[in-house]
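Before any questions on binding or motion, here is one chain by itself as structure tokens, the form predicted alone.
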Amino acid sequence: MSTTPKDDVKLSPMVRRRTAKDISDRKGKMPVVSLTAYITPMAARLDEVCDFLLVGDSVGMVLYGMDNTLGVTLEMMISHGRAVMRGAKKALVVIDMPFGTYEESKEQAFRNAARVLRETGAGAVKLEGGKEMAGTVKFLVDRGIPVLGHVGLMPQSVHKYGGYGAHGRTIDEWQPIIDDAAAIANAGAFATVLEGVTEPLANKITAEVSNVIIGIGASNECDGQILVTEDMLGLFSFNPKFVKRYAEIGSDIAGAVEAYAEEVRDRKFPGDAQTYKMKGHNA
């Protein structure tokens, strides 16, 4: 098993990649821009614009058609992490720790997180959980592993919560989420993803918690934003409330495939421009 990043994901010494500290220094400043990435060409496209790229366990649903993220493995995350590192040269790359790879103990979390960073060359890991995971976050950070937290709606707890509904819709629901965000920040996470919470709660957490708060389905007052790239590009027919579509590539793909199929059936493709000719012959 490889214990070092592949040669083709190493950076040129002339390129400075953003670090977790660069992101943490953005608290209260210019909002942080982030999107998910799972493959090399997409990472290369996003790299010039995004401050950090998240290799999310959402890969299970987006690329593999899973119903949720629970079936994603550490090996899958490492493979996609390497792919993203080959395409991204400037953005910080953060890799999700999948379900079951960090909850058992601090030692399990460190062992698996260290493997992820060692075998991909990425700059940080992300894990879900609030107060109950604060000790683990501190354990990792104290041992040199930058951590991005994730509180509010936590997809890996979908069975516990019975779905993906928004949190914090009543004042009574606020304090546990505030306490979770504060605990993860105090444990040393450089930033925390705050997912699926009401706007006033997101505003309060962003104002009161010391680290960078990255919103998804939260508030534009958060310190930054993240979306699943394929969602915001319109690849799927389902569109969550918190997603704004900036393109409709699903429709574009369908149209392109239909045009291709029509030309194949009409024997218009390949045409002269796509056909090899004999040397020395005009025809």
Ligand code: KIV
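Keep in mind it's a predicted model, so treat the numbers as computed, not measured. In case it trips you up, residue 1 is the first one in the sequence shown, and so on. Definition used throughout: the rigid core is the maximal C-alpha set that superposes within 1.5 Å between two forms.
Below, we turn to the form predicted in complex with the ligand, even though it does not appear here.
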| query | finding |
| --- | --- |
| Partner proximity in the predicted complex: residue 91 to the ligand, non-hydrogen atom cutoff 4.5 Å | no |
| Partner proximity in the predicted complex: residue 122 to the ligand, non-hydrogen atom cutoff 4.5 Å | no |
| Proximity of residue 228 to the ligand in the predicted complex, heavy atoms at 4.5 Å | yes |
| Residue contact check: residue 80 to the ligand in the predicted complex, 4.5 Å heavy atom | no |
| Position in contact with the ligand when the complex is considered in the predicted complex, options 32, 216, 222, 43, heavy atoms within 4.5 Å | 216 |
| Segment assignment from 191-199, 130-138, 102-110, 176-184: heavy atom within 4.5 Å of the ligand in the predicted complex | 191-199 |
| Residues of stretch 39-68 in contact with the ligand in the predicted complex (4.5 Å, non-hydrogen atom) | 54, 56, 57, 58 |
| CA of residue 236, rigid core aligned, shift of 2 Å or more between this form and the one not shown | yes |
